[in-house]
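What follows is a pair of forms of the same protein chain, given separately as structure tokens and numbered structure 1 and structure 2.
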Structure 1
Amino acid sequence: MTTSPTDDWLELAVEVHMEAVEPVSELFARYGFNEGVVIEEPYLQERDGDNVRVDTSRPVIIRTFLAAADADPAKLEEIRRGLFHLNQIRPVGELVITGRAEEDWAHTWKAFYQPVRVGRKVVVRPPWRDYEEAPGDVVVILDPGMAFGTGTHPTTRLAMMGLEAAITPGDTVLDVGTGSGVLAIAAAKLGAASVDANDIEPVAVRSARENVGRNDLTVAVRVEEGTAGADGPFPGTYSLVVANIIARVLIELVDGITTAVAPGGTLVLAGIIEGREADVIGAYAARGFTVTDRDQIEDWVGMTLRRAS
């Protein structure tokens, strides 16, 4: 037991077999604060984030929390005894108790978010942080929430650098799979005449619209739910299209994305894991696109392509 008298909370954790998850959770919920239980199932996924699934071959960690003032030894003993009995039916690991200090949980996560330089010019800042702009900076205000694209990920940085290099003032821009709207907002601030952005996830559309509003761009940037191309909300053509998704989806959407690029127009792709680069290039080359620029951060690749005029 790792605790000290100043702890406000006790965290109880135990490692169990998949089949013991339900009864141990039930036991923990009986004693835990707000009946709350945390179940950490090990997972498997491909390197670019595709196909996340639970790994049923490994044990699961179950946690609950007790207010320290409320955690008398008798109660802990009852929990131990409960685990002991469950252990007679299916193996249950050792109970680990760790003291935790009270924190302002609603706000501590904000420490993770600082103004961050995403491209060469573009700086993303959360609404609650100040940032002193240097000459040439383009500041995007972004409330990091549920939608992907907080600016801290290599794929967002690659897409942003590609966008900055490719954009010409007056461009018409389409942002496919906009997430938080970070690229669409940056495009408008970098001089696009108009920006359309789509996403198939309603949460992303809502989040992107809120962020567009925060940056006072509701006239310049339109955000709609749906896919790219003729079946989506924006069936027209654009002088510049950006798509920061993953290789599998970029290949699946190749028709929708390529038809959105006007003849002679530019396409910025990101979110491509190193091993799938050739597949993506192959799919787009078959539709008359040539790679004009390429960049890499860690195992992620971003590229700029031009459509033949």
Structure 2
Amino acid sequence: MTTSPTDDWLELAVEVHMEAVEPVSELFARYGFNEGVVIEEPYLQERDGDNVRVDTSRPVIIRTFLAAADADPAKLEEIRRGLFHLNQIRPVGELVITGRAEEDWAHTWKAFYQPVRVGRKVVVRPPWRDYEEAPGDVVVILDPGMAFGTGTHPTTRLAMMGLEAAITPGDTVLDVGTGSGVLAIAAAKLGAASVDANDIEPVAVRSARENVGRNDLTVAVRVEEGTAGADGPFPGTYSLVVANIIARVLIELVDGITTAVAPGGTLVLAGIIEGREADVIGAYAARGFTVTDRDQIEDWVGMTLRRAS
């Protein structure tokens, strides 16, 4: 047991065989705070987060929490005894007890979120941080909330660098899979005449709309729920389309994304793991798009493509 006098909670954790998950969860729920149980299944996934699947060769970790003031030795001994009996049926590991201090995680993370240069010009600044602008800086005020896109991930940086290089004053821009809205807001500040953005996740739509409101924009940015193409909220065509989404989804949405690009228009793609680059290029080349620029950070790739006139 690892605890300290300042601990508010005890975390109880045990590794179990897949077939012991249900009985151990029932045991923990009997004693845990509000009957709460966390089941942490081991999983495998590709580098870009795609194709997630449970790894049945590894044990499952089950956790529950007890208020430290209520966790008397007799109660803990009852839990150990129950685990001992369950271990006679299916493998159950040793009970690990760790003291935890209560923290406001909804706000604690903000201490680690600092202004960050995302592209060559664009700097992302959280609302609670000051930033002294340098000449030529384009500052985007952003609170990502639960949406993807703080500017620190290589895919966001690649998309931003592509956007900065491709955009020209007066462009009409569509941001597919906007997340926090960082690319859409940057496009508006980089000289776009109009910006539309969509996402299939309602939480992302809310986050993007709130971030649009945080920035002093002279260009209207519309954010709607949905995807690209004729069935989406913005079925028209644009001189510049940007999409920072994983490779599989870029390929699945190839028809909707490409039809949104006007003849002679530009497409900026990011979120592509290096091993899927050829697949993405092939899917878009088949629709008449040619790669005109490419960047790479670690094993992530971003590219700019042009549609034939």
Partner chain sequence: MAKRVRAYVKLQIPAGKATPAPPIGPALGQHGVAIMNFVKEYNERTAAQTGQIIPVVITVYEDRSFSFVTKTPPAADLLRRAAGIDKGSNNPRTTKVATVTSDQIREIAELKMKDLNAVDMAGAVLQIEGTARSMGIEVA
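Please read all numbers here as calculations on a predicted model, not as lab measurements. Numbering runs along the sequence of structure 1, starting at 1. The term rigid core refers to the most C-alpha atoms you can superpose between the two forms while keeping them within 1.5 Å.
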query	finding
Which of the two shown is the form predicted together with its partner chain	1
Large Cα move at residue 129 between structure 1 and structure 2, threshold 2 Å, rigid core	no
Residue 32 C-alpha moves between structure 1 and structure 2 by 2 Å or more, core aligned	yes
Large Cα move at residue 169 between structure 1 and structure 2, threshold 2 Å, rigid core	no
Angstrom shift of the Cα atom of residue 216 between structure 1 and structure 2 (superposition on rigid core)	3.2
